[in-house]
Structures are given as C-alpha cells and as structure tokens.
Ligand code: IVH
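In structure tokens, the next block holds one chain alone, the form predicted alone.
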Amino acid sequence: MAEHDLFSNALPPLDRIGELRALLDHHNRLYYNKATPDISDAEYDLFFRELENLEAKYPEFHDPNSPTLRVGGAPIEGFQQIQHAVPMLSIDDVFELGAEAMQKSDATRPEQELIEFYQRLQKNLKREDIAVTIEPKIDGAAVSLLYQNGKLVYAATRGDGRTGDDVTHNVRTIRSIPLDLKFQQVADSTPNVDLEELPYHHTNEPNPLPNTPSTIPALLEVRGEIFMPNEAFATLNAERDEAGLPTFANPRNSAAGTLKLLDPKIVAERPLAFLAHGLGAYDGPKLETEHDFHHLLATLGIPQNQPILTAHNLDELLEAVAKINHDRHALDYGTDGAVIKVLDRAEREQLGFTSRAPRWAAAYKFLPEQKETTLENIIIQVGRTGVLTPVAELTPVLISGSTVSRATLHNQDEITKKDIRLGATVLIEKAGEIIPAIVKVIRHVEAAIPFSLYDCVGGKCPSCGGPISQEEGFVAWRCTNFACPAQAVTSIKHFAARKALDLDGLGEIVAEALVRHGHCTTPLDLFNLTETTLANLNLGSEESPRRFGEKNAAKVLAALIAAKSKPLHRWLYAMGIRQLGESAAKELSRLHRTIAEIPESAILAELLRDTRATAKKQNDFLAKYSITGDVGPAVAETIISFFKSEAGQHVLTQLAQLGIDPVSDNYLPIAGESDLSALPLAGKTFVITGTLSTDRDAMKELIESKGGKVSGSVSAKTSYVLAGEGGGSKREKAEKLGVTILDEAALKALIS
C-alpha cells in the first residue's frame, strides 16, 4: 500500500494535522537517525507543505514541536537562562604523554595518567577488576535536552554547569533530535556495545541483555554533543574563506558558534547533528548500567555516541583506548580522545563527585599527530566568490591515516602571523583531526623573504587578470571583476535569484552545467543563449547524461526576455557588487534614473567627499536627498570604483550591445509636496523589527509601494520603526533616539 493511502484528507483538521506530524516525525527518524528513507523527497515535501498550510489556516492548533518548525523561526533578541535540573559537570581530563612530558614526569609509558585514573578506581572500590565503558570523545558543543512525558521541553548549553543558555529555538531545527519520543524497534542485543570485535572478549560469557523499558520516562534529561560532521565542517570553512571571513579553528568552534546564533533560520541551514552520551535528571524505568541507558536511548530513537566498548580490567581498557584511537579517523565527526566511565551505576554513586567532576569518569586526550615537512610552494586559488586563497604545497607526508600534500593558509594575515616563507621546514597537523594546517615554522632556508600574496599575483586576479582589492574590515584579497570566470557559477546563480532578475528555471545545477560546457563565463552571456543550446544542455555526466529539454529551455528564455525590462534596482542587485545589498540597490535607483547616471553621480561623489566634520555641520547638498544609512561613503566608493574599472566599463558596453537599459521604477531623489500627496510614505524611512502578521518582504514591498524607504538599521534619520512582537534591540535604540514606533494598525492609518 502506498504511504498516501494510510491517511485520509477527509479527516477533521486537528486529526489530519496530528497524522501529518506523526508521519513526518516517522520519516525524519528513518532519514536522519537510521539513514533508511522509504519515501522520496518529493513525497515528503508534499506532506510537509500540506501540514504547513493546515497550521497556517488553523493557528489554534499550534505545537512548538511540529516538524514544520524545524526550518527555523524568526530571529530572537537574546538568550534566556535555564537552570539545569541536575548540575552539568565537566569530566576530568587525563592526557596521553609525549616524549618531553614523559621525561619530566618520570612516566614509563604514554598512558600513565590513564593508568593512574584506573588505579584510583581500584583503590576506592577496593578490588582489582572494574568494568568500564569506552567511547569516542566528540569534539562538539555540550547541550542538555529535557523531555517531560516524551516531549522536548527545552535545550540548554552547559554554561557554568548550573545555568546555561536556552537554545531550544536552534535545537528544534536539528532534524536528528526527536521532539516527541516514541518507542522504536531495536535488535535484541546491547546497542552500540562493540564487544565481539575486541580480542579479549570471551564468547562463552553471555552478553547481559538490558531491560527493555515498557513506558516512556516521565522525566528524561539527556546530555550530549551538538557537532558538525567532518565534511560539512570543511565545506563551512571553505565558504567562510570564500566570504573573506575568519575560519573556525575546529569543529567544536563551528558547532558552538552556530548554536549561539540568534537567527534559527541560519542555524537550520547549517548541517548540525547530535549524539547523546550522558544522563541528567531522570524519572523512569530503573537503569542499572550504562548499557541500560544506551538501550533506553535506542528504544526512544535518540541518536547516541558509538561505538561503546566495554573493558573488565586495566589491560582491556588500554586495548580499547588504542582501538578508539585507531578507528576514530573513520568517524564522521572530530574526536580528540576517549571517554571512560564506570559501567555499574551503583558503583558510580559509591565513587561520587568532586566539586566539578565525577570520580567515576575521565576523558583521555590523545596527542594530535604532528609531522615535519617542507613548504615547496604557495599557489593562489580564486574561489567562487572571488576570494584569493593561498594554499601551501608540501612535500607529501602521512598523518592521521592519510597522505597530506597541501594545507590551506587562509589569508595574508595568517601567513604574516606565522612568518611563513617558501622552502621552510614546517610542522603540520590536522586541525580538529580533519583539515591539514601548518602549526608553525621550524626553520627557514637562508635568504628566504616574507611572502606577499599581492606581490605573488602582481596585484591581479590569477583567473582573469582583473584588479584585486582588500576591503576595510576584511582580511581577504578579492577579485572585483564581475566577469571573472572563476566566479561564473556563483555570479550566474546570484544573477538569476528571485530578488535579482528572477530567472525561473536557472538554478545552481544549470549554472554549473553552462559554465562546465563553456556556454557562459559571465552572467551577461546568458542573453546570447539559444533554445537549441539550452535544450541540449547536459546537466549530468558523460556516463549518465541528463538533458535540460525544450520545455525548460523555453522557460529560461522567456525569463531572460522579461529580465531585460526589470527595473534598475533589480539589475544593480543582480550584479553582485560587494556591499551592495537589496536595500542599497533600491536606494541607488531612487537617487538615479538610469544605470548610465551612476558612474558620474554627483550624489555619490559628494558622499565620498563627505567627512565626519562636514557631517556634523549637516551637508546641505546631501540633506535634501534624505539618503538612508544603506548608502554611505563605503558603498559610494565601491559603486564608483566598479563602474569606473575596466570590468565595470565592459559590463556597461555589453548591456548597450544587448539593448538593455535598466531604468528606475522608484526615482524620487527629492520628495516634493505633490509627491507627498500622491505617495503617503514618500520621504519617510522605516526600520522593521519583530514578528509581524506577514513576512518582512511583503511588508517592505507595501511600504515601498507607498513611497517609503526601508533600512536595516535604526539611526537619527529613521522616521519610524515598525515593531511587531519582540523587536527588542531595535525598539530600544528607537526609544533612545526618540524615533516614533508604530504597530501595524498605526502604519495602516498612516497610509490611509
């Protein structure tokens, strides 16, 4: 029977909503926890959209744990504090010792501190053999999830151990975390306990089968780690490099940084995951051992750390730790050690706690593997957004299970800080056990000079020969040529976006195919495409071709024809000029009638000349234009530099050859009395904050259609702040500056 047949659309709304939520929860578990999806993405999307529509139509049935809320809600103004039901303590570290540390401490082997930890267990429990579990130490951000009667109530960070930040909004977006607990079918064996693989396991000893719980705990506080999988972490760092932003040092920093963002929609876009490893407050079936706890997690569908190895004496513990150290490089998350816990919970109570950590557990931290090698060369790569990234070419060396021959150097600041020069002997390691990084320079070759990225490329982009620049506040050098081939896919994708020229049917896959097959090197090349070229475009590989087709080709060509008459602000935004966002583009089109006016703009030239001194006196020339904060000296400099450059002039020439002359649809540099009577919001600048009855884009369009301008930040020039529910910081700033605050009813009255 098809999945669709299991549910009836003729049910009352509340019943249908309940069934859809249960269905989506079920498929989320299959997809994210078990990696065994049994419906297509398209089928899932149909159910998801139906639920979204029903919830919008019947808001009285709101449920904070609905699957639709996993995509992230409105930004929050700040984090509330949550007091942990049970203190969230740290675990004491014991370290694998290097040669120097062994010599200083007279240790006889690298595992000396781990051995001493086990010996303390022997002393306190007064016996030789003590069963312990061993699991990988996840390099993530510690969180606590509290469930009451199977429903997620809140999620909190560790904080100071007693009080943490409420990150429930963000955690709800992580699809591997169940929001409503339900019993799952699990195999009749201890979950995640990898006994058979260990050489010391005695197969004639029966495995103790944990008790299968019959009821969902009334209270369950699960402790675990939110992390970013290895591949996703590497991708995120590459994207931050592309944007000229500082990269994260390790996966833990990336996960923790994401978790503390105030906008759940951004969090939802980042591929965070969760694994449980500990228990806090609890009211449910008795758990006698760590195996019982992990069996409970499995039956409730909560993802858990694995493998969980078991050792019964010191020799087995050392073997298990060595196995974790060997196998961890194949795991999908960063690890820097192994966590050891006493198996029996009654013995844990007997051992107790210190003021900051349990006596029955320890985190054994592995030494990061480091190797010396030679820096043979530094090459400069041009990324998809124009950022120039230096990459070290190394004499190949085996480290952490793989051969390393390259390491990113991120930017010129990193090179200068570490005094990296060609020919140097360098020490490398895998940062967070994932990405090769140069730790430090061991020694330079004679007469080696400091490396300069700018001098290396002669001040020109290696891909197109265009000019490069380093914007104020950014560490990266960037190619500023709109027509740079290295940026073609990103430029075309942005050019075609809904808020730009809205080229329906032209997404990233099509853009990549056009560039790969040599049909486009710049966005303006799109206007030279023919129906035959587009229809026969191969979106797949040579082995598995996938033709774009006539119907799709016709759709794109129709969108390109429509784009020629799009207003000026759309074209300005579509060009992807640095610092020119949607609001700034609209402000520029308000101030200029055509694109040809902008390079010679007296307004922009005056903005460039405007200094702090003249601003204090109020620049009479600029005052009459009521320019919003979206267009200031920095934006003016960027725009003029772009259109005066060879690349910018080439764009203007191409537009002329294509017969495209973008014209403003909101031209109103100075609002007169007649303008004010025709457009009730003319000359007024708005800032929108908080949650409104409609989305912000729609509200922004309404204000602009009535002659108003919408800015992203509150200043003394702001006329009104439109505030919905929330809106804390912007509302507070408006109050301090004496800016009038409106609700939606007041805005409607103002318009009418």
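Bear in mind the structure is a predicted one, so any value in this text is a computation, not a measurement. From 1 onward, residues are counted along the sequence shown.
This next part talks about the form predicted together with this ligand, which is not shown.
Judged by heavy atoms within 4.5 Å of this ligand in the model of the complex, the contact stretch among the candidates 499-507, 136-144, 598-606, 106-114 is 136-144. Interface membership of N305, defined by any non-hydrogen atom within 4.5 Å of this ligand in the model of the complex, is confirmed. Although the partner is absent here, S90 sits close enough that one of its heavy atoms falls within 4.5 Å of this ligand in the model of the complex. Under a 4.5 angstroms non-hydrogen atom cutoff, this ligand in the model of the complex lacks H329 among its neighbouring residues. Among residues of the shown chain, V339 is one whose heavy atoms approach this ligand to within 4.5 Å in the model of the complex.
Listed residues G629, P467, P358, P271 were compared with this ligand in the model of the complex; P358 is the one with a heavy atom within 4.5 Å. Proximity to this ligand in the model of the complex, defined as a heavy atom within 4.5 Å, singles out one entry of R172, H592, R478, H277, which is H277. Although this ligand is not shown here, in the model of the complex the stretch 96-125 places no heavy atom of any residue within 4.5 Å of it.
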